[in-house]
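Taking the form predicted alone, here's one chain by itself in structure tokens.
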């Protein structure tokens, strides 16, 4: 359970100092007001819905809502099983969701990768439990998923070819590699890695070669996500003393703080047109979903 807890709660650990002065913050719109703990935010490819993990009525579950202020969040899986399910990701046609399911066997849990239809029915096992299997992400063409697993001893990134069931190990490093995100053309994957001593943002080709280190900072950098056009990467960093959302060019140049707030901002997700960015923040007390406009 230690790996699960680390990947789920690490970005929300408190820090002593507040955000340092920087660029003026962009205008932010608050979408939810319930304050329930939330994480792993994903914008659907059709731009209509948001998918996220929340703790609701004492259970960790996937929820979905219209991408509008005041929209009601509802549990995705029907009926909702009495076991944790979390960290979902939409398929490119918004018809399926791939997610992590924990059957809670033993003290450490039993994680596997499942799929479910967008209406919450038709649950299927995609990657049976072998270790801690987490962070599944559909490729842009929907033919593969990338995910994180400890099946070879530490957190590495793997891909699964949906049609053949073939599994490919993409990273080969004794450090932790996690938080994977596909580029829109499917040719690259961004990820977080501790191979430099602390977590930095890296990228690699879709087959795992040509790993590039994109950030170089003593703070923690994590949860990268490509913009729809592939020219930028948003990520979470505590380099200001608390967690903020940063944006940099695909090659790692010109990072800038988008949120600049003393609250904890995390789990960035681009709208399909690239004009808005959704994220989760505790800036108003609880954990809620917000959006900021990047361009008109």
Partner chain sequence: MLILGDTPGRSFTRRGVLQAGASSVLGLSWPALLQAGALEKPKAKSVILLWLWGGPAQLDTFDPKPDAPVEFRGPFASIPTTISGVRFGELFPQLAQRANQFSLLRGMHTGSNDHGVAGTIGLTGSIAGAVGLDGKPRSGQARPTTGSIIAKVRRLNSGLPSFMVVGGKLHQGKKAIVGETGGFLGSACEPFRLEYDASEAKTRIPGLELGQGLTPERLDDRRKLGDAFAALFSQAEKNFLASAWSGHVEQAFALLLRPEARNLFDLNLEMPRLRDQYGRTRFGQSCLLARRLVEKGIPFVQVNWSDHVEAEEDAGDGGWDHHYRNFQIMADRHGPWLDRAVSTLLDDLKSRGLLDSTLVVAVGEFGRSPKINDKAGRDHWEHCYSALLAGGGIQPGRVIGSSDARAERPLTRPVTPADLAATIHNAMGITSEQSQSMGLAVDGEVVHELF
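Residue numbers count along the first chain shown, from 1. Remember, it's a predicted structure, so these values are computed and weren't measured experimentally.
This next part talks about the form predicted together with the partner chain, which is not shown.
- Distance criterion of 4.5 Å from any heavy atom to the partner chain in the model of the complex singles out 104 from the list 95, 78, 74, 104.
- A single residue from the set 99, 158, 132, 90 has any heavy atom within 4.5 angstroms of the partner chain in the model of the complex; that residue is 132.
- Picking from 43-51, 226-234, 240-248, 66-74 the stretch near the partner chain in the model of the complex, with a 4.5 Å limit on heavy atoms, gives 240-248.
- The closest heavy atom approach of residue 270 to the partner chain in the model of the complex falls outside 4.5 Å.
- Although the partner is absent here, residue 219 lies within 4.5 Å of the partner chain in the model of the complex, judged by heavy atoms.
- Although the partner is absent here, residue 198 lies within 4.5 Å of the partner chain in the model of the complex, judged by heavy atoms.
- Under a 4.5 angstroms non-hydrogen atom cutoff, the partner chain in the model of the complex lacks residue 167 among its neighbouring residues.
- Residues of 164-190 placing a heavy atom within 4.5 Å of the partner chain in the model of the complex, in sequence order: 174, 175, 176, 178, 179.
- Note: residue 85-residue 79 Cα separation is 3 Å or more shorter in the model of the complex than here.
- Closer approach of the C-alpha atoms of residue 87 and residue 79, by 3 angstroms or more, is seen in the model of the complex than in the present form.
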